[in-house]
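Next up: a single chain in structure tokens, the form predicted on its own.
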């Protein structure tokens, strides 16, 4: 059994544009997919990308800004995002907020730039604030595209994204019953970052059709936390060392298992979905909430340890780490922290520490 054939990102983008659609380059982490698709805009996420020469971005950014932001700005200035029509920059952290300001006030790319301001909580007032922010984004997209989707159009788009996210959650739940390696599984999951929902659903259904009743013998189960598993060779290394990612708390994956919304108002429903997602430090969730979520993931997955795989200089992640690791230790769970830069290969030191950790918890 094999992973379903996955179309190349550039082919997806070109096909969508040839059919009359727009393409938005979206920076991490949370954004309203369904609102964009209602305007016939395909969101394509930009997690760096890895392996970019970051010198162009270095002219505008401090050296202690993370490589996701450095690479994104360099990629933009080198022409890597010329095929896109819109730039979406969520104010996820200080570094991305700074990038948004640079794009609006200094660099002035050819594409219009739309920042997204997310509240740092999930109170009723936070839902109200975010729903109004989404209405503001609607008006900006209306001016850019000349389209004015109705509430019915928005809800149809929302229901489609909810159906895709339901399948995404099912993939996460059934991962130990699917005959895929760590690397193949996450390549499948991460196609949610650029595929239209309807295309992703086809791939997910084909993958889930290969589910078996018995748990696959994948090795030592671990929980992987952090922002993004780059370089993706990390996942192959875990497999080679006898480990299996039994669950994740990754910003690009597990933290975006959005629940269905409840409201009949499309803007509130989108806001509810994002704000009620699993705990994320960039949305202001407390360390207590995060620790309880990690312990629940460990319980349901059977993970024997937690690996925090962090991008260097990622302040929202690194601020929480000492107390999270202490809480895990008090619960009897060992953990390991590895910091990386998107432009670097996995170091021998990191591989040695990873291997030693897996040997310790087996």
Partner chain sequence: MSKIQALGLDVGSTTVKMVGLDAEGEMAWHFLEQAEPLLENQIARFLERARNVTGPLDGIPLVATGYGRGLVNQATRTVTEITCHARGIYRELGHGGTLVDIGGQDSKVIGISPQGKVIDFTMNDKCAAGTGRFLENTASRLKVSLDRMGPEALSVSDEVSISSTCTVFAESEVISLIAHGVSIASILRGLHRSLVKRMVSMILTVGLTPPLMLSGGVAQNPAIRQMLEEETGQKIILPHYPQLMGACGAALFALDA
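Numbering follows the first chain given and starts at 1. The model shown is predicted, which means the values in this text are computed figures rather than measured ones.
Heads up, the form predicted in complex with its partner chain isn't pictured, but that's what we're talking about next.
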Contact test, all of 329, 339 and 356, partner its partner chain in the predicted bound form, heavy atom 4.5 Å: yes
Which of these stretches, 30 to 38, 321 to 329, 52 to 60, 301 to 309, has heavy atoms within 4.5 Å of its partner chain in the predicted bound form? 321 to 329
Residue 19: touches its partner chain in the predicted bound form, heavy atom cutoff 4.5 angstroms: no
Interface membership of residue 352, its partner chain in the predicted bound form, 4.5 Å heavy atom rule: yes
